[in-house]
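Below you will find one chain, with nothing else, as structure tokens; this is the form predicted alone, and questions on how it binds or moves follow later.
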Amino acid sequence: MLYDFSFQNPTRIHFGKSALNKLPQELNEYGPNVLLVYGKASIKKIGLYDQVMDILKACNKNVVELAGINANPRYTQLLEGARLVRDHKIDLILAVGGGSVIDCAKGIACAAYAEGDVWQRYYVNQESVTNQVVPVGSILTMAGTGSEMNSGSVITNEAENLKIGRVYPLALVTPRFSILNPEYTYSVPKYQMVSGIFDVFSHLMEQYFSGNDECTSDYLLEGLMLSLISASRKALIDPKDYEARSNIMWCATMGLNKILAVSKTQDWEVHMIEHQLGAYTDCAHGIGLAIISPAYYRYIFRDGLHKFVRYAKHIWGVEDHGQGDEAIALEGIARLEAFIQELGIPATLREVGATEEMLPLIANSTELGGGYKQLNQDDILIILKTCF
């Protein structure tokens, strides 16, 4: 562990089949006015909406609803939520849904009492938040983003064709509590399930493919990758395999609550590219990541060859028969690609709505960075064309 670090995560997790029973004691910590933020029809179909509303009423809460949050939450939805917070003097924002709903709730929490152009200040300029921030709690229904135990908020501004992620200070908007019952994920369609699975896998790889040191975090990351692969294969066979879905859910939470990032330099360029892909196509986040990842890793692997060899051997079981490090690394990427195919994820950008004309626009608006190889816009365009 070569780099100094400080770690704290304030979220209280209630995990398992009885987790919702903890909601009343959590609600008692806050005032009477609750903004309930959720997506479209899914939480009503599984009966969770009624259960949550019954608990809120039993706790004497005044409930204001913000429904219909998109899979890629919109800035307009964030602003509407901020207005509701002000108008109703909201004491707690309760997000019920997947990561997009929770991301939007965090954005609302920071925007409600902010002055000026929130998009420009908090997302484009990444300014410090000095205004009052409303507490957030969450009930998770889809595993993937890890938003239930971090301070990230990814928002799409349709008017500007920009999708930007903001990692707020932990103490501001990390959910005070999160309720995680793997059973709530059973009804998620397969397409969304595998999108979430690959989102988790990408989070792990973004942190893993960095550094030249012997880092404990890398061993933890490898363990989670192996667990996720095993659980995903079981969930594909039986989506109601509780153990498999619980392991996927916990991998997602652990994958982005910052514990794995300590003493790591990290990458995140795949995410930056996908954000702009999503801004132009509105594709599911994990699906976009899966399409981009193999091409990206083939583009950069020589700059981090030692780690790609380790990845091939430790994660995919590639054996060394004297074929050379580059061949081993490439075989590891090929097995990643085979896993993506096993999940049933599309292989090209065309399949998620991208056009050839979009590619330069996506490349030119992507935030630059990278781990082993620092990219420029020309590099990104080459990668996108490879995926097309």
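This one's a predicted model, so the numbers in the text were calculated from it and none came from an experiment. From 1 onward, residues are counted along the sequence shown.
Omitted here: the form predicted in complex with a small molecule. The next part is about that form.
By the criterion of a heavy atom within 4.5 Å, His285 is counted among the residues contacting the small molecule in the model of the complex. Contact annotation: Gly211 falls outside 4.5 Å of the small molecule in the model of the complex, judged by heavy atom distances. A residue is said to contact a partner when one of its heavy atoms sits within 4.5 Å of a partner heavy atom; Gly152 meets this definition for the small molecule in the model of the complex. Although the partner is absent here, Asn72 lies within 4.5 Å of the small molecule in the model of the complex, judged by heavy atoms.
Taken together, the three residues Ser217, Lys258 and Lys373 all stay farther than 4.5 Å from the small molecule in the model of the complex, as judged by their closest heavy atom.
Only one segment in the set 23 to 31, 333 to 341, 36 to 44, 349 to 357 has residues whose heavy atoms sit within 4.5 Å of the small molecule in the model of the complex; it is 36 to 44.
With the partner removed from view, the residue among Met142, Ala279, Ile90, Leu180 that has a non-hydrogen atom within 4.5 Å of the small molecule in the model of the complex turns out to be Met142.
Think of it this way: in the model of the complex, the small molecule has a heavy atom of just one of Tyr184, Tyr123, Phe198, Tyr297 within 4.5 Å, and the residue is Tyr184.
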